[in-house]
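What follows is one chain in structure tokens, specifically the form predicted on its own.
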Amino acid sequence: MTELKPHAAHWGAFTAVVEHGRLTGVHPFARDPEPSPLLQSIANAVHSPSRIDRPYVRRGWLAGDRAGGAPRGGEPFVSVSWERAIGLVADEIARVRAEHGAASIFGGSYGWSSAGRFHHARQQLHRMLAATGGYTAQLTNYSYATGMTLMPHIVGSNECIYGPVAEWADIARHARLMVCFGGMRYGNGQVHSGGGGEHLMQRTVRETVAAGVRLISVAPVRSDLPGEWLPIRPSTDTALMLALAHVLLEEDLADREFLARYTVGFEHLAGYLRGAEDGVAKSPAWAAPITGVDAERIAALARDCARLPTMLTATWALQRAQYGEQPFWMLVALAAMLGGIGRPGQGFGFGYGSIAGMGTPRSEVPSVSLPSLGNPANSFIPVARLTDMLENPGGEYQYNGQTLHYPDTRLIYWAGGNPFHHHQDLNRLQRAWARAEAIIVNEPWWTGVARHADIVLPATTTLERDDISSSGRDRFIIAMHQVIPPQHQARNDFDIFADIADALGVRDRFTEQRDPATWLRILYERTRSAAARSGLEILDFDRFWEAGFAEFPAPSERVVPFASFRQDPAQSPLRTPSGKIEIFSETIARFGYADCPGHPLWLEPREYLGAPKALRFPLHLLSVQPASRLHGQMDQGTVSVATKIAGREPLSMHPADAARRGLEEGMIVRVFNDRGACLAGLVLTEDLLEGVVMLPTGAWFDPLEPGSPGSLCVHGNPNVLTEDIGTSRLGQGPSAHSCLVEVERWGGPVPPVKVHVPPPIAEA
């Protein structure tokens, strides 16, 4: 018997094909013009040998090893019953809170988790920890943490980071030049947080170019979208922007009227551009040896930007580097000098090509979401400071003008994410991770975080439960029908947390006496009511569930960022201290941060191709988002596995760099620096700047010697190589893209990849 059921993932809506209780395939949503190939990995992944089949406890922890100190990851696990596992978790939460306080429990749970908005592991975990007494949470995110912290100081909000941003239709109609710092990648445009019914990026970009917009990708790697490629050394975009601004200033091409009426502090930047602070004019001749871009080409681009209606964009990736505040701040300043901010299709925007839905029309209706509970502990850290927190209990640090202190972390509870995928310097993280007394993980698969846990609880995948997919960047809400029964002994996160809350005496506070079916109906109807208040009608819950989706009509009015501010800055001021765009920020200047002073400027990263360290490690590593999966999700799926070389993640390199090292296509190579090393399979391409190598993130962490920090990752996880430092004391975001490495041929036997099968299991 064959059944067809609607469902969704972050990479798109689909119909699941079920035969005799087993998922055998998927069909993309009929309304999706550009469905993602990642959908084809779903059936293989859900029935993968890497599924966690029952609750497990690390053998040493079960025997009483609770003091921490020994790195996890190398010890066998012992299976236990669900009843015992829930009791162990509840007892440990109660003990740690009683002995060390609520802030000593860290509710990590950072990650994309599922597209379902009710069974979203992060929200469910935080709700349980809040209901039971509090925890330390994470502030901002890995995607654009630095921009989130900076932009309220500069333009008064974060909307320019995650949208709505200028729509592609307006860019096509009103711009004639679009300069994309960091480039744009089609694969990124196929991923929605919360799922999506439509993928439109390829079509909208093609239409924009056909309308006569000149598209320039400023990046170390050639874009897979149409347009010109301007190769640039990684982490030098700020220097290029400063040189463009210098030309505008010296040739009197800047929009002085706009700067005077809508901005404050331009005189500080102008003085810096002319060398008033350091005696160095930030001219194209100055920028050329830093960026690798010819000085004449820089000057010509600046004149084109001044001559043509221009849209400036930057990917989120640019701020994931040391001093990542600077390119975002300077992009705003450069757009202000051009004077297009507030005009349709002009000005600046972030995130085009970083995620789906950026620049597509959308109604301002909240997506379906589970309400949170207040956190009694009122404790947080910036999201990327995980290892610092574990290494420095009680330690002082700076963030956004505040002096804060790290909590004394004794228990880590993680669900819906994998720090052994997304965090930097994994060998350092391994050592710090050992300091916790208990680590609890809900996870469907034996990922890196599960292998480094003390208690592992098997969670269902989205396919094993009912849910609702909803994204603020997409106009479809998708009914996610349960496709197959829970596999093995897997349970829904809601049920797991309800039982933990019950053991701690607060079940009703967590569940509000509602089961998942009741919650789904309530959450959908809340969104439906919000839509009605905005004049938008969608199906009621029963008809939605039967149809498999609900659709918002496309909005009739275009979104033009900063339009009301441009029309009347006095009546519609920005939420900055001055009410204007702050090219110079008195607030940031008062913080006294040498690594992020009061206006944008060039600060030399300690790891880039112009740094002294490049003499030892002469290749700049880009750890990009993979085209074959979402971060680490679906690494065991067919699409991801097909891209690997002898089971390793592919490393892209320019042929000239390979020739200098005696390397050939398909070789297994060792990628290394002072922080660690990994194996990868070599791919040669001329679509990459010389001196740059590219290794996608998301290969599941697979050390040759599990439990031994510093061990070679045989699978190709680039975060054994990336440095774990904050972008600055202002933003404290991740600096993954400031990373130098060397590459050499792997000469010995190639060790097997073992991470896609379970770790050692011992008898109780």
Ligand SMILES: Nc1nc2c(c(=O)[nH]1)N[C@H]1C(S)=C(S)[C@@H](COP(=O)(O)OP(=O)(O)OC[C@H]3O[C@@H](n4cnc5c(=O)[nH]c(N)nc54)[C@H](O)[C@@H]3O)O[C@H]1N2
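Keep in mind it's a predicted model, so treat the numbers as computed, not measured. Counting begins at 1, following the sequence as shown.
The form predicted in complex with the ligand exists for this protein as well; it is not shown, and the discussion that follows is about that form.
J.: How about residue 569: is it within 4.5 Å of the ligand in the model of the complex, going by heavy atoms?
T.: Output for residue 569 is no: heavy atoms all beyond 4.5 Å of the ligand.
J.: So in the model of the complex, is the ligand close enough to residue 417 to count as touching (4.5 Å, heavy atoms)?
T.: Contact with the ligand, yes.
J.: Is the gap between residue 187 and the ligand in the model of the complex 4.5 Å or less for some heavy atom pair?
T.: Residue 187: contacts the ligand in the model of the complex.
J.: Answer yes if any heavy atom of residue 728 is within 4.5 Å of a heavy atom of the ligand in the model of the complex; otherwise answer no.
T.: No, residue 728 is distant from the partner.
J.: Quick check on this chain: which one of 585, 322, 354, 640 has a heavy atom within 4.5 Å of the ligand in the model of the complex?
T.: Only one option qualifies, and that one is 354.
J.: Which residue, 386, 438, 219, 456, has a heavy atom that falls within 4.5 Å of the ligand in the model of the complex?
T.: Of 386, 438, 219, 456, the residue with a heavy atom within 4.5 Å of the ligand in the model of the complex is 219.
J.: Counting only non-hydrogen atoms, choose the one of 358-366, 526-534, 114-122, 84-92 that falls within 4.5 Å of the ligand in the model of the complex.
T.: Correct option: 114-122.
J.: Do all of 29, 346 and 475 end up near the ligand in the model of the complex, with near meaning a heavy atom within 4.5 Å?
T.: Heavy-atom distance to the ligand in the model of the complex: none of the three under 4.5 Å.
J.: So which bits of 441-455 sit within 4.5 Å of the ligand in the model of the complex, heavy atoms only?
T.: Sequence-ordered list: 442, 443, 444, 445, 447.
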